[in-house]
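Okay, here we've got a single chain as structure tokens, the form predicted on its own, with questions on binding and movement later.
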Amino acid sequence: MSAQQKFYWLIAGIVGLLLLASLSGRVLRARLQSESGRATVDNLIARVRAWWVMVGVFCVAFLLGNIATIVMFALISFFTLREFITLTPTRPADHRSLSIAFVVLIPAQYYLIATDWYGLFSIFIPVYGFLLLPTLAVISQDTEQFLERCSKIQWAVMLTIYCISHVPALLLLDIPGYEGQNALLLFYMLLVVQMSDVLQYVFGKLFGKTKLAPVVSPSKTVEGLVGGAASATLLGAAMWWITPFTPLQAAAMALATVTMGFVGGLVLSAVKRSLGAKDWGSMIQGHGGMMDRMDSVSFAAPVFFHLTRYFFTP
């Protein structure tokens, strides 16, 4: 089966699931009487509607080719960095560093992916970016909370540019016997992460009783985590046919991805709580901001990329 045929089968399955979710949401909305129940269903319906849009965007990028996919994730890095910086306080002395992050680091990082320059891609931001940003900041000679300010900008760049760029970087991998199918691997990783988030939400609403981290994320429960993680891992194993993995390997990769995605969501929730915010923004109806959708991906993508590169490339 060709990569394009696999893609069409995969999209058919996703569309079927979205149709089922949309229909189920409408039926539940009509039957529920309680305000809390209706509010939960309304939130679920908004999430499903947003998913229709997001799946459509990813499909278009896939069909247009690798460059379109890379450009799309460069824009995602731009929007997530903007949300991160907007929500966290900055000083005029930081503006030079922030400008470089937006107009230099984002294009440069994604250019390295487009030109298949893995050696520099892997160290450009952690080494050169991290040295450049505080150097630019110190020129303004504003030492008030200098360490905290520089650390915040560096961490924002690490999460929103470097970590997220590992998603399209999957297109770089030279996996024997999997030539021309790397975009499917990208789709696989994103599906596992996002389905884990959705399933944890559903299991938490249906069966959640034990709060997992009530101070950091009041909605997360042990039951939601176990049910969602187990379901997403099984789903990842079932999708082995679009990957270079065996079913068992796909399950292991899915479990690692789900675990890191959960940690990412929890860590970024802690950041939001420390800032007194519920969401990173309001860009995606039903999902909050772009960073609210990419928090899990930012932790999962680098781990998935390097596990794949270490175990499945020469």
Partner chain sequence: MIVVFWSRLMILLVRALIGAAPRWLGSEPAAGLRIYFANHSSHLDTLALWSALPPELRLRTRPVAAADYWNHGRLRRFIAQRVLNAVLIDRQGGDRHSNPLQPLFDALDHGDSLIFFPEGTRRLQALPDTFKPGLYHLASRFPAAELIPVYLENLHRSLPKGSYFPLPLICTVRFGAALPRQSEENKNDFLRRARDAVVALA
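Numbering follows the first chain given and starts at 1. The model shown is predicted, which means the values in this text are computed figures rather than measured ones.
One more form of this protein exists, namely the form predicted in complex with its partner chain; it is left out here, but the text below deals with it.
Next on the checklist: Taking 4.5 angstroms as the heavy atom distance cut-off, pick the stretch from 192-200, 129-137, 91-99, 111-119 that is near its partner chain in the model of the complex.
Outcome noted: This holds for exactly one stretch, 91-99.
Item to check | Contact test in the model of the complex: residue 162 vs its partner chain, heavy atoms, 4.5 Å | outcome: Result no; residue 162 lies far from its partner chain in the model of the complex.
Checklist entry - residue 184: heavy atom within 4.5 Å of its partner chain in the model of the complex? => result Looking in the model of the complex, residue contacts with its partner chain do not include residue 184, since no heavy atom lies within 4.5 Å.
Item to check | Partner proximity in the model of the complex: residue 82 to its partner chain, non-hydrogen atom cutoff 4.5 Å | outcome: Heavy-atom contact with its partner chain at 4.5 Å: present for residue 82.
Next on the checklist: With the partner left out here, check for me: in the model of the complex, does some heavy atom of residue 217 sit within 4.5 Å of its partner chain?
Outcome noted: Close contact is absent here: in the model of the complex, residue 217 is far from its partner chain, nothing within 4.5 Å, heavy atoms only.
Item to check | All of 78, 86 and 103 within 4.5 Å of its partner chain in the model of the complex, heavy atom check | outcome: Judged in the model of the complex, 78, 86 and 103 all sit within 4.5 Å of its partner chain.
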